[in-house]
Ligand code: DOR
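Single chain ahead, written as structure tokens, the form predicted on its own.
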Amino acid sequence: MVPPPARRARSREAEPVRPRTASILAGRAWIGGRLQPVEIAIDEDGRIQSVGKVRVGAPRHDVGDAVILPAATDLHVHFRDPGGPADAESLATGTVAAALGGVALVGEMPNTLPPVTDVATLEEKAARVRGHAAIDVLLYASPTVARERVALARTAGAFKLYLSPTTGIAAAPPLDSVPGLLRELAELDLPLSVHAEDPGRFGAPERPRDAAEWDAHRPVPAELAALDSLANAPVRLRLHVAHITTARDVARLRERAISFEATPHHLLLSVRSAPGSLVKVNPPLRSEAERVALWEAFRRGEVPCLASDHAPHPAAERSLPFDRAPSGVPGVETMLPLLLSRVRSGEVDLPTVIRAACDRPARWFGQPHGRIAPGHRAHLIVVDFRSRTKLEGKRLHSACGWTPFEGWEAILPREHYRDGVRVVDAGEYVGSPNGRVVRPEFAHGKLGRPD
């Protein structure tokens, strides 16, 4: 039976208007468990419309023998803005460096000056992102002020809890108060990242002279004790542990199904890597044996997320005696390129790196990118694995001008597309400062667990 005209009219009005295809990117990509030639149709809203062998209806760009990958998400950066020295970093310089390193989204930590402990400070920081950031930024807030937590949960992108003092954090809550705080934060429905070290386990020497003594001062048992304080966290809490340093951490957190990250410096550097304070970080670098065990866990796919903990300081401060030098190293521009170089050398599989740097971090942040799949934002990079670069701090784009990976081999992206628009071309930044402040877009509890 033919429906009456009025009913047909309502049906036509209800049909969604599909965005038109704006561009097509052709090349090799890791799809369906193998590297294969594909064409990616990107719509006018900057979303991946479809993926297949042949796409039509828009201008086509073929990247040749290069490989198309999803852009990375860096869960953990410190851009020192506001309150940091201009020769360390800013939101503008840090996000350009991120874009050049293949990162489409960063999680900016709250231990700036002033720290982000209330909505007014958060909004001021968001205003600094708009018109200055080259990529999207998710802003963490600190839950240390009880009366501000509910309001922050409505506006921040995630919470960050420090269980030990670090740069910009003079004091931390006692470990016996942590379970109650976790229960309260679980009710606020916002992701929580934790810096897990127990200062009660810190020991001598009080004035360490090198990385080995720093490791002894903030030892592995301090990390393990802090992890134990998280053991009974509510299941509904979207909990994540920052910068773990040992394979023992990996085993404990996997057993408890808690998300976590490792950094390139803990995966690739040890207390033997460099003299002086250039490798001073919190938590410390560990022994070479601990480093190798952590790297092997990463290679096996047991580390769900990779994050840089990008924390630059001016070069002059890093030349101070070890006990007076600040902790932290730059890394947002080199995180993914260092790991892609290890893919080329056969030390780690490409899908392991994609999952840890691109897919899982985006899901933990509740963001629709990190995969080459229809409906995802077209945050994509183009990588030529034949093109290798020796890292030089003075040629990188962080304002600090140095790297702990001086002279290391890396594979930097040749192109970077943000919502289908090219922002890096031939290794040069060509974009605009139109990055957005983003918040999670997930149904609670369905993203971010290790798999």
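All of these numbers come straight from a predicted model, not from anything done at the bench. Sequential numbering from 1, following the sequence displayed.
Keep in mind that the form predicted in complex with this ligand is missing from the display, and what follows is about it.
Contact annotation: L253 falls outside 4.5 Å of this ligand in the predicted complex, judged by heavy atom distances. Contact annotation for L338: none of its heavy atoms lies within 4.5 Å of this ligand in the predicted complex. This ligand is not shown here, and in the predicted complex it never comes within 4.5 Å of any heavy atom of E333. In the predicted complex, no heavy atom of R363 sits within 4.5 Å of this ligand.
Partner contact region in the predicted complex: 325-333, out of 95-103, 172-180, 122-130, 325-333, criterion any non-hydrogen atom within 4.5 Å of this ligand. Of the candidates V194, V281, A378, L237, V281 is the one whose heavy atoms come within 4.5 Å of this ligand in the predicted complex; the others do not. H313 is the sole member of R149, H313, R342, R291 with a non-hydrogen atom lying within 4.5 angstroms of this ligand in the predicted complex.
Shown without its partner, the chain has H243 as the single residue in segment 241-274 with a non-hydrogen atom within 4.5 angstroms of this ligand in the predicted complex.
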